[in-house]
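Two forms of the same protein chain are encoded below as structure tokens; each is given separately, as structure 1 and structure 2.
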Structure 1
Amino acid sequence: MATASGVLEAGSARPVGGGVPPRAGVRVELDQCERRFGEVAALDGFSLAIEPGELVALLGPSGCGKTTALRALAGLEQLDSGEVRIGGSDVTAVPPNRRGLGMVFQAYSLFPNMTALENVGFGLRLRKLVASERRRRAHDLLDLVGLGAQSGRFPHELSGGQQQRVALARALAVEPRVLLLDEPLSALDAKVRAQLRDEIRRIQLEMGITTLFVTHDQEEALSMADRVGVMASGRLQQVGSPDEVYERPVNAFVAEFVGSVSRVPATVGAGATVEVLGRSVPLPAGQAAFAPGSRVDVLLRPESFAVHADRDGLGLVVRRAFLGPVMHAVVALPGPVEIVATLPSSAAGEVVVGSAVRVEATGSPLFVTEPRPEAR
């Protein structure tokens, strides 16, 4: 929707303001980073490499260490061990003010005593740029984020979305080698968020700046990023293109965290197949290691189910959500197991809440895993 068109139009969108030349990004590496806070390992052997000009979204549940990873890259957090390299050189011991990065924070971080223009010019003032040049550059950047008319306003006179735009302009003003964004949109309402998300991506592409974007919103991550890194308890679980992470998760955590899946008990059959809900379907590629006859859990996407109204079916429709062309149905099966299935809206007449249905697996599962120790 808006996201896709925004990204597609990026090349032909408003040109970057005069004084802001497109920059070739640098390569960024975090290597075996460790950081503990008492008992908690916020980073536990965390490694990630970002290619020049690439936007990587770091996705993960709350408290998994995303902010810590970003701050370690910025130099705002000391590492217990590990190495940070920017453009090939080791910056682990370099203080944040000499790493040449731009950062946008989750909390509103504009300096309350300065106008939007002064905020954007702050980094340039530190770099001893003459006042006229500084003002010109700051104006260009405010134009870039669409706030040229608000340059004289103080932060308290700007909306949340406007403040984050100014913060973005401020971060970009110093022509950073790397742009770091820590959930900059999470305090904004859905509409502004989608808009600003597109805008960040457009500017990032135009400037070709290497970017790390932290979020716990998977839609944000999947729609914006060149690659998505999924993180859990201080470790990077998988990093890959959005479709890779979505279609070929490397473990059950990634499969369950990205997108919607249902967990269903199954039995491995002969010849790399698995018996799911009375149907034999092929095991996913690279997952043939289970011995025939072993009990497993399979993870299936909603579109891998077929749901038929059937008075003798064992499933019971618990909830339904109509989404236009398709609908989602939550079906309770014996086990007890609950699955989410996508079915065409044309079935809306028969598959209603409380009706009995028959459920079949129609496709290969996304992932096969050991059954959970405790039955749900």
Structure 2
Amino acid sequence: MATASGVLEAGSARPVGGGVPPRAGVRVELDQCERRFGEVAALDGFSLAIEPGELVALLGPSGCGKTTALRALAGLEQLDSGEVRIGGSDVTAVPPNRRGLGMVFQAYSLFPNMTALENVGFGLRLRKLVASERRRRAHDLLDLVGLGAQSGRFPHELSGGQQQRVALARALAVEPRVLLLDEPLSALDAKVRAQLRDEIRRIQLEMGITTLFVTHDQEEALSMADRVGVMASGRLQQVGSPDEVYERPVNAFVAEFVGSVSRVPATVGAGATVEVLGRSVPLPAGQAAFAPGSRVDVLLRPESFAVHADRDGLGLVVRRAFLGPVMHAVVALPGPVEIVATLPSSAAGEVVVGSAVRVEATGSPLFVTEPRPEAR
């Protein structure tokens, strides 16, 4: 008998949601994958392991190779070299329809002449499941995604968010070993996107299905994933938990790509410190050693600045954005340098556009790197 919430309890054989059984997650591995398009290396020695039941998000700029990696796992992209393994088995040469995958794309790709129920049951019909069992499973999955009452509606009668829920239910209907999500929320408005990402994560956790999620949206990646992989030029730059990638980037690219940072000139001091904006602050733990006196750039998050109204200050507020409890202030400094600081909205009366301010660094930099060539 199911719990009130319908979620499977640890060690129980009871199903989740509307009677949808959980799946045992499988391990997924992409090992030294190479894929070139002419002179462009879409995947360049790409390796990634996804643990059973884990959701990993691939994040990176356009053209970094994240969708190519997903398509290689799906069997939709032929590798030049490398290996794809699912559940310990080499599936590199296995056709897509025999890999046991469910896929959801940015385009909903629903059949317009089929109801939501018929769309979800389509893959089951191809598998020659009897009609009564097909309808039962499709109803269960629509209940799971919160669309049980809309089972008889056609796609044009559903909102974009509802259509994407149907697409998710259809992908889950065939009981895939792995779920692949390729920018599934990018066509939706902000509010619906936030709601649906929470629903996808809930369902993924309830079903225990191994999932690879490709997105360009940092907020989606950081809020949904167990681990985030940041890509550039066909390579993984860093893979780690969301807080690890945000707070402890391994290089300047990750630091500048994930979240917002300001690059500020500084000088390395004695005793693992750096002089920045008139203050001595600790170097980040584990950073490469720089000789005292070296000129460097430090990367600081918006929350790592203190900004004070000061008519003798060297900073000039050039823009600001009110965001409810906080505001972002863009301050121009000599150099020229421009920083973005997160301040409490209570400071709005003092830190106004055109006002002189004093800017201080309040903590250890996120990352320390050599200055850009043009600044040397």
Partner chain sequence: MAALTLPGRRTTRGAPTRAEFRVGGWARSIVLLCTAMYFLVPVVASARYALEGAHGTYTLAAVTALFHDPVLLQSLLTSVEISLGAAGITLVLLTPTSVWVNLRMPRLRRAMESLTLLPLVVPVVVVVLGIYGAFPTAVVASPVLLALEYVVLAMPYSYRAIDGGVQALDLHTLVDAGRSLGASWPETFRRVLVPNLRTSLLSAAFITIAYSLGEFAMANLLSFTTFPTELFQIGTEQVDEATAVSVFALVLTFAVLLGLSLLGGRRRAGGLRRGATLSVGGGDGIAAEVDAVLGHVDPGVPGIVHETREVP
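Residue positions are counted from 1 along structure 1's sequence. Between two forms, the rigid core is defined as the largest C-alpha subset superposing within 1.5 Å. Quick caveat, the model's predicted, so the values are computed rather than measured.
Comparing the two isolated chains, structure 2 is the one taken from the form predicted on its own; structure 1 is not. Remark: with the core as the superposition reference, the CA shift of N97 between the two structures stays below 2 Å. Once both forms are fitted on their core, the CA shift for S223 between the two structures remains under 2 Å. The Cα shift for L117 between the two structures, taken after rigid core superposition, is 2 angstroms or larger.
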